[in-house]
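Given next, in structure tokens, is a single chain: the form predicted alone.
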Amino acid sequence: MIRKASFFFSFLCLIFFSAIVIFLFTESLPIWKSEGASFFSRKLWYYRNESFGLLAMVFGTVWVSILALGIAAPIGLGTAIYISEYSGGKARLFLKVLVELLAGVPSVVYGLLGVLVLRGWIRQTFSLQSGDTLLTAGILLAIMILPTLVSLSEDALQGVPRRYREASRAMGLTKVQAIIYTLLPSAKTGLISSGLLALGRALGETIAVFLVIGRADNRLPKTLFSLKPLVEAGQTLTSKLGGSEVNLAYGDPLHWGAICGAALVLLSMALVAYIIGELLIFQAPER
């Protein structure tokens, strides 16, 4: 009975997900027919002139996500190593529970903290007129995904058999050397997958990013590797979908199709990150 119930609810989740994909695809057909591939390559989004392009928003999404992961990954890995290898007993349990609690804090709370604290700090540090920037959103997102990254990385480190650690110490390696040369390589697949799963969460965060990013639709750097846009207002796919424009778009087939097309692109990006992360976990050798 339990097996059949599990299969039924898993199949139900698959049906719901398929229904979402089909709905977004069918609702976005007007924009695909009107714009085609230029929907991805055009940077301008002016809904009053019925000109829709996702390039600037995809750029903002990628930059904010990479920035968040780049900040959170080393901090998360160091924290996970401490919890797994240096804290023991009740201390490890307390830290683990604390990390899980932080992961459960609503995103709007992080967003309000970003508005009250982080935005002002960015403005003063970089002498800006406004603290609503891609950098602010990236740092805030790094704080938000950090508990998820720590928890998954610690699980990956705990998956390495104890005999690996004991064999390393028996060969004369110090604890730090054992972590660097034995523990981390053995847990590499799990650590990479935890980063990808955290990236998937970063791609889907809406309200916190919406509050601090500035929501400038058409900002793109003059050169691909320019860092100047990081301290300017920008836009991501999630902040676009979380704004009031969704209400304005409903009833206009082309505008609504562009909104649904943006949602479909965002869903695809998050899905790719999750699938790669899960495949890495699935293909990891059993401990």
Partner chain sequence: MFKKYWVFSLLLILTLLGKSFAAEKPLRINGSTTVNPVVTEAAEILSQRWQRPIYVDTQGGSSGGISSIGDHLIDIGMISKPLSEKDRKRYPKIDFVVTQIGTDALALVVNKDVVEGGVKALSKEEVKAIYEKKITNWKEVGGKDQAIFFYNKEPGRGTWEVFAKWVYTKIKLVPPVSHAEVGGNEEARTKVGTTPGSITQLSASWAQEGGSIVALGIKLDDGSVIYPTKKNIKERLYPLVRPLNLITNKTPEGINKDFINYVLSDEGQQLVKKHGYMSLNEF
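Residue numbers count along the first chain shown, from 1. The structure presented is a predicted model; accordingly, all values stated were derived computationally and were not measured. By rigid core we mean the largest C-alpha set that fits within 1.5 Å across both forms.
Keep in mind that the form predicted together with the partner chain is not shown, yet the notes after this line are about it.
- Quick one: is residue 245 in contact with the partner chain in the model of the complex, heavy atoms, 4.5 Å cut-off? Residue-level check for residue 245: yes, a contact with the partner chain.
- residue 127 within 4.5 Å of the partner chain in the model of the complex, heavy atoms: Residue 127: no contact with the partner chain in the model of the complex.
- Message: Under a 4.5 Å heavy atom criterion, is residue 11 part of the interface with the partner chain in the model of the complex?
- Response: Answer yes; at least one heavy atom of residue 11 falls within 4.5 Å of the partner chain in the model of the complex.
- Evaluate residue 29 for contact with the partner chain in the model of the complex, applying a 4.5 angstroms cut-off between non-hydrogen atoms, and reply yes or no. Looking in the model of the complex, residue contacts with the partner chain do not include residue 29, since no heavy atom lies within 4.5 Å.
- Query: Quick one: which residues from 176-209 get a non-hydrogen atom within 4.5 Å of the partner chain in the model of the complex?
  - Reply: Nothing in this stretch is in contact.
- Rigid core fitted, is the C-alpha displacement of residue 12 between this form and the one not shown 2 Å or more? For residue 12, whose C-alpha is compared between this form and the one not shown after core superposition, the shift is 2 Å or more.
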